[in-house]
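To begin, one chain is listed below as structure tokens, in the form predicted alone.
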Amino acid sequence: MSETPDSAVRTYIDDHRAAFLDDLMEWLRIPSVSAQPEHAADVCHSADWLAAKLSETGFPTVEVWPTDGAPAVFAEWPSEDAQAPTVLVYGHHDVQPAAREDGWAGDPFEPVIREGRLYARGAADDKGQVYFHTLGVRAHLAATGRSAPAVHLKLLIEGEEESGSPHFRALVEKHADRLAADTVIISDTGMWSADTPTVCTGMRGLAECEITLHGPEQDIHSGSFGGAVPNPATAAARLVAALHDEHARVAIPGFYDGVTALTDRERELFAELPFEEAQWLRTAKSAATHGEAGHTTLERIWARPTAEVNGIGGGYQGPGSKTIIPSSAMVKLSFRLVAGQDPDHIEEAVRAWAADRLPAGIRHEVTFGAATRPCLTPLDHPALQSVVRAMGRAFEQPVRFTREGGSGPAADLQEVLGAPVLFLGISIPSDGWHAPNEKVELDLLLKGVETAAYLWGDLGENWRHAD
């Protein structure tokens, strides 16, 4: 009996496992820490190393794209089917700083395999999850007898994600024609657990601001002037107190305009996850949950917008007392946004709210930083269904759904390219991203390889049915 595609994929992965891991460990030895200037040459070396390996994999077009910071790597492999969908895979090759004295068991840039786990900085975030695509596409070709993928396959692997992606949007805008895609696959994420494979369907956006309040031209005596002039520290406290209503909903008028509400089905799917609130609270280092009434904890952190006070200050903060009315105070706020919310509208709403809440005699300034837009892919999107089917084949069990409460560069890709963003990651919470002794589970890493091998054929076969 001839091999089925599934068994052919698994056989190919098994046969090439050792060489794949040798290559990955070689890459992990390059300390591509984008946040540390002394490693700038290493980040460039990392980009060159990856470019060479992508060429070796078979990508006919591979380029290192310079930025005003660290370089990115672009690769493209057209399908022989001109009508095939175009897929762009995103990841990053830079890593977080790491040193043995931080608590590592060994040199963080000398990979080691222990008990089925590969330990090194970048093993999970994100070199391991980038590199599984090289073996995945080769397994796809070997199992199907193709000489090119079933989709037009592109990769964009940036070099500054761990430094906040300061030049990423400009890079995407500059190369938008080259990066054009029908869908984007983000391989810089994870799963619920090793026993519960999941696909992320969206990320929240982010808007941040600082509100500076000015009262008297200098600190003044609280006995001589207290109770007779406005106090900017009191105004800051009142502003913070007015941020939420008694149901923990954000009280800024217009804040919820356009919010895409959770469907009943989405709420059911969240509820199916094996979530233990007590364990979650221990991870959060908190004694109790709190948030918008009418929503579960997972709904609050994944699918509802938030407003948080990140800092508040003003007046004397040294030892003892200093009886003054301070001349200034400040509040730092951040807003996590969900699908349907516009960061520009949020900025206008916050400015109007602050102006309306502050008393006469308090001058104020509101300063916003660059915003990140939210992204969300509907559950019935055909490309998402392909990811779910491919992961289900690899893991041989049902795949569930999550979202991410944080934010990232995925929204820039969605906004500039106009393509839905999907997430394919195999990392689990215990992998210790950004922490000492970061690792990746080798069984899961190879499941990522297998998922990628199935995905391109599934997309190529089923995408047209949705056109």
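Heads up: residue numbers just count along the shown sequence, starting at 1. Computed from a prediction, not measured in an experiment: that's the story for all the values here.
There is another form of this protein, the form predicted in complex with a further copy of the same chain, and it is not shown here; the text below is about that form.
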Stretch in contact in the model of the complex with a further copy of the same chain, which is absent here, among 379-387, 301-309, 90-98, 184-192 (heavy atoms within 4.5 Å): 301-309
Taking a further copy of the same chain in the model of the complex, would P5, R17 and W65 all count as contacting it (heavy atom within 4.5 Å)? no
Consider the chain as shown here, without its partner, and state which of G258, G294, G227, P274 has a heavy atom within 4.5 Å of a further copy of the same chain in the model of the complex. G227
Which residue, G106, G361, G164, P253, has a heavy atom that falls within 4.5 Å of a further copy of the same chain in the model of the complex? G361
Quick one: does A142 come within 4.5 Å of a further copy of the same chain in the model of the complex, counting heavy atoms only? no
Taking heavy atoms only, is P71 within 4.5 angstroms of a further copy of the same chain in the model of the complex? no
G116 within 4.5 Å of a further copy of the same chain in the model of the complex, heavy atoms: no
L206: touches a further copy of the same chain in the model of the complex, heavy atom cutoff 4.5 angstroms: yes
Looking at a further copy of the same chain in the model of the complex, which residues in 236-263 have at least one heavy atom within 4.5 Å of it? A237, R238, V240, A241, H244, D245
